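Below, in structure tokens: the form predicted alone, a single chain.
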Amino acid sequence: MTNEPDMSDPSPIILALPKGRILKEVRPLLTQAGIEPEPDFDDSASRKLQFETNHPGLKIIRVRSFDVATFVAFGGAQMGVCGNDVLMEFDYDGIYAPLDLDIGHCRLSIAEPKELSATDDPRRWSHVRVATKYPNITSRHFAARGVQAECIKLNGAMELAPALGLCRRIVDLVSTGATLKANGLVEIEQIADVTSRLVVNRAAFKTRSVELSGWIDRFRESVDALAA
């Protein structure tokens, strides 16, 4: 039986959700879990960032995907949804990730120009320059292979970097591979599979365990129901 969220703490639980594609994928899970945000939540053009729900003890904030983990780790939100790529990059101690939501499927991969891949041998790399918004993951990945990685931090348009001479390789999220192909790039190595996780602030989980466990159970049941 699902634990019902309690109201022993009068302050609302804040659920941080990412803007964009993942928000659309998480929407059916919210409905299945019995969470209905106020109407303008589904308006992608809305500049509003905070939303009431049909539960007085639950509010939603809509932020950038990379910021979800920060809000949860530092207590601005008690729960959130973010990819394990973000968790791997920042490795926050204050976050507990109890549930894989089985959405946001993609992979973190190394890519390079198609013409370079024809003769390139990753086994012979000793030093690489890479454009990425994941410098920590990238550095750790190459260090484990004994390769020195010089990471150029970009927050977007990664695929332009090789064409403009910034570097020869990139590390980025790949879903269908269509964007890589359109920019003359190919995947040469996969670093990690990525899905979105339900994350919880560790300190809040200790002080509001019954309430947060109730929401975790609801999301777990929603994942199972939608997968059936």
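Note that this is a predicted model, so its numbers are computed, not measured. Residue numbers run from 1 along the displayed sequence.
Here the subject shifts to the form predicted in complex with a small molecule, a form of this protein not shown in this document.
- Partner proximity in the predicted bound form, defined as non-hydrogen atoms within 4.5 angstroms of the small molecule, places exactly one of 151 to 159, 137 to 145, 93 to 101, 68 to 76 at the interface: 151 to 159.
- Proximity to the small molecule in the predicted bound form, defined as a heavy atom within 4.5 Å, holds among L166, A203, A192, L173 only for L173.
- In summary, among the residues G34, G184, P28, G177, the only one with a non-hydrogen atom within 4.5 Å of the small molecule in the predicted bound form is G177.
- Of the heavy atoms in K24, none are within 4.5 Å of the small molecule in the predicted bound form.
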